[in-house]
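Single chain ahead, written as structure tokens, the form predicted alone.
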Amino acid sequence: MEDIDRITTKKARNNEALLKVKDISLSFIQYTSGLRQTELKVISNLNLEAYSGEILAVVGSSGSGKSLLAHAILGILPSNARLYGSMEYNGQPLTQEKKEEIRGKEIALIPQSTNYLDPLMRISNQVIGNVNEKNKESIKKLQRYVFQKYNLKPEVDRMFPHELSGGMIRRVLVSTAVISSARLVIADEPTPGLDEKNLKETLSYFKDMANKGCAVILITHDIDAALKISDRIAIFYAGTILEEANIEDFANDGENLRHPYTRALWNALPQNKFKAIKGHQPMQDEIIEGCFFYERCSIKNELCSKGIPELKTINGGLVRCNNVS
């Protein structure tokens, strides 16, 4: 296991991490020709920590395995999944049994798909049903208060999902997480297709949750959106984290960023150099012996082709690179 001195924000510096993910790897058992089995590895040697009162953005392109990380934390992986490594929640091992016990209560998911809601159930019943409380009347009052806060009018309570706009459904999903009194909120790609007004509104919900003491993990491919509200950003690539940086490191030409891929992402933004790099992220069935970024890297050497670099602490951040010191 990698021995890492974790970086923390000013808000979280004196607190223990609410969630610790330590050296997890995830693979799926698949059948090929005949009855032969193969193991498809999708996440490798991944480490991260989430702190109460802050937003950790996990940023990566499509196909990098970001949503599977969320599913692993929640314990909702399919039966052919093989998960290695360990997790801790609030100082205790986060076993599958513990995940099932606190899922939807202390850990809440705001899913990527707006089809998450039951199409045959009225909106208020779905939100109330996700909260395990005996006093339904008090829950109903809480639900209406939260809905009002997110500009969901009383008539929404009796509507069905198909009667709501995409933006309204996202507000319902955020409301569900708020009503659950979750301590850890995982938002999986919550902003695709939103215009500037709705994007700003949606991001403000997560900032509000963090300000009230939640630990928020924002999973997204939109680094620009992540930069608006996050405290730290973990750069996800080919199933692992290449760098974890504080938000202040994303400035100027990116000289404070540690990994060449992170700097490339920063300089690809339209407001910066709008410069792309050649190549593509390795496919999940590709066998990579060395650094996952090796083929696209401009500072690689022979050592980079012989094994996955360890995650190490450099200048107040974390980086998985042999050529940074």
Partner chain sequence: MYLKGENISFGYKKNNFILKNVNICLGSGEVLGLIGDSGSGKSTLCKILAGYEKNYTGTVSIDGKKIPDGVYNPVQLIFQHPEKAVNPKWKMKDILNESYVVPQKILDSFGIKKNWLNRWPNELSGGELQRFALARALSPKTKFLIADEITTMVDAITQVQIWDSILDMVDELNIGVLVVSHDKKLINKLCHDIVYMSDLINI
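Predicted, not measured: the structure shown is a model, and the values here were computed from it. Positions refer to the first chain, counted from 1.
Another form, the form predicted together with the partner chain, is not on view; read the next lines as being about it.
- For residue 137, no non-hydrogen atom is located within 4.5 Å of the partner chain in the predicted bound form, even though that partner is not displayed.
- Using a 4.5 Å cutoff between non-hydrogen atoms, residue 193 counts as a contact of the partner chain in the predicted bound form.
- Of the heavy atoms in residue 298, none are within 4.5 Å of the partner chain in the predicted bound form.
- For the chain shown alone, residue 221 is a contact residue for the partner chain in the predicted bound form, at least one non-hydrogen atom being within 4.5 angstroms.
- Heavy atoms within 4.5 Å of the partner chain in the predicted bound form are found in exactly one of 150-158, 249-257, 221-229, 84-92, that being 221-229.
- Residues of 270-292 lying near the partner chain in the predicted bound form, listed in sequence order, are 270, 271, 272, 273, 274, 275, 276, 277, 278, 279, 280, 281, 283, 285, the criterion being any heavy atom within 4.5 Å.
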